[in-house]
Ligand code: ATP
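In the block that follows, a single chain appears as structure tokens, in the form predicted alone.
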Amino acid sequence: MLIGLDDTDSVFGMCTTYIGTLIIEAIKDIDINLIKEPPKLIRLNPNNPYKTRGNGAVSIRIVENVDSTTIKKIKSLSFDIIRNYSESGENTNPAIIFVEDNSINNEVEIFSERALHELLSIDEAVSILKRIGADYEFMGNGRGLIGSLASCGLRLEDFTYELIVYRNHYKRGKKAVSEKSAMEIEKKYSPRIFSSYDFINNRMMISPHSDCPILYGIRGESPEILLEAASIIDSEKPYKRNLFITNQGTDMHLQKKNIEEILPYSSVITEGIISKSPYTVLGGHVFFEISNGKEILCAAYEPTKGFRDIIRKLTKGDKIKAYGGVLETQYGLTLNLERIEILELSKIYKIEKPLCHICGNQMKSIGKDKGYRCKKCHTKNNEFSKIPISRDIELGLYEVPMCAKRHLSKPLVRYGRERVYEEERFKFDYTKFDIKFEGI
């Protein structure tokens, strides 16, 4: 059986991974062997206007052949936790589903894949849940059912791990996590652990700034390396922890599209020739346009910091591949850049007056479209000189800084590190993983 949950948080607090952890802890208290693999943390469409923060849903797999009495108990305690711990608010719509593994059919898998790229309806989710015989409960308008179903049905093409450590959910205010610890992890463990500290912008990335129960989270390629790194973190006393298999850092949200195929709220990879050179607007945002028959506006917003300096070096005629999320803005359909690949650089020339072939002095213009004359030798020349200008940029991939990176965006340090989930899901013995910290 799979348990899926989503939308239990809000912009003001709580966290779906924390509520998932409470459910897992309660199930382990029934029988430690009921859950043998880490839960999944699935990041869905990052451009969804209904998302709270990271648009993450959680799924938990229960082992086979569990008796009906235990299943009933699991459902009851899970419902209770969702009701008692979910954040309240008009834009928070918690949901939880229970579905048999063999009910995850092609329709569910397609729906789950679409949840990465589109805006899906509550009615469609409910219709599928009824057809596959899932048990579910929701609060509010039921929007959380979409992510709950998608978290159970999404097949991972690549995956990473995140170890999340929590403070007590009643505790509010600033979190005490050592910045020095994050620096040490970045220096010592990168690229096996990624996105811990942004040295370029002097920003710690392991501790969220929102008022949620997460004390810190570290992301990497194996459970063992994350647990080792966590031992060097200096922080306030932690409360609970959990290990998640996740699609973070995989680029799973991106689809290759021609410009004419691009729709709002999608995330795309598209190629084009720069048709309008980069320009900076009020607020420090940098825009340019690319075309391959149809044009689209590309944006490097102020939070992308030094990435904008790369964009400003581009010019009309350059051929690039643009990666990013698409939204309708005041400027029209806009591709919010996460990364670019420069494929070809156009040649830029500086136009200068020609030199006299006799004395070598620079000639003077004798009028518009009339050519040039040397004052000394009186020689004429109708052609100006084109001097090539060196481009201060090279072909290749360029990404936004760590502090501006989305959960799903694959860091360049992860290129070539893709793995298959089905081959590795049982390599870590989750039955021996302790959610509670010793002494609590």
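Keep in mind the model is a prediction, meaning the values are calculated, not measured. Numbering starts at 1 and follows the sequence shown.
Below, we refer to the form predicted together with ligand ATP, which is not included among the displayed structures.
Asker: In the model of the complex, does each of L163, I185 and T246 have a heavy atom within 4.5 Å of ligand ATP?
Answerer: No, the candidate spot makes no contact with ligand ATP.
Asker: I'd like to know if P39 sits close to ligand ATP in the model of the complex, meaning any non-hydrogen atom pair within 4.5 angstroms.
Answerer: No, no contact at 4.5 Å.
Asker: Does at least one non-hydrogen atom of K410 fall within 4.5 angstroms of ligand ATP in the model of the complex?
Answerer: Taking the distances in the model of the complex, the answer for K410 is no, it never comes within 4.5 Å of ligand ATP.
Asker: Taking 4.5 angstroms as the cut-off for heavy atoms, does G220 touch ligand ATP in the model of the complex?
Answerer: Judged by the heavy-atom cut-off of 4.5 Å, G220 is well away from ligand ATP in the model of the complex.
Asker: Could you confirm whether L227 comes within 4.5 Å of ligand ATP in the model of the complex, counting heavy atoms only?
Answerer: Close contact is absent here: in the model of the complex, L227 is far from ligand ATP, nothing within 4.5 Å, heavy atoms only.
Asker: To verify the annotation, which of these, R391, R373, K28, K51, has a non-hydrogen atom within 4.5 Å of ligand ATP in the model of the complex?
Answerer: Partner contact (heavy atom, 4.5 Å) among the options: K51.
Asker: Identify, from the list V177, I97, L335, A115, the residue with a heavy atom within 4.5 Å of ligand ATP in the model of the complex.
Answerer: It is A115.
Asker: If we take heavy atoms and a 4.5 Å cut-off, which stretch out of 279-287, 116-124, 296-304, 79-87 is in contact with ligand ATP in the model of the complex?
Answerer: It is the stretch 116-124.
Asker: Check each residue of 1-27 against ligand ATP in the model of the complex and list those with a heavy atom within 4.5 Å, in sequence order.
Answerer: Going through 1-27 in order - heavy atoms within 4.5 Å of ligand ATP in the model of the complex - the hits are D6, D7, D9, T16.
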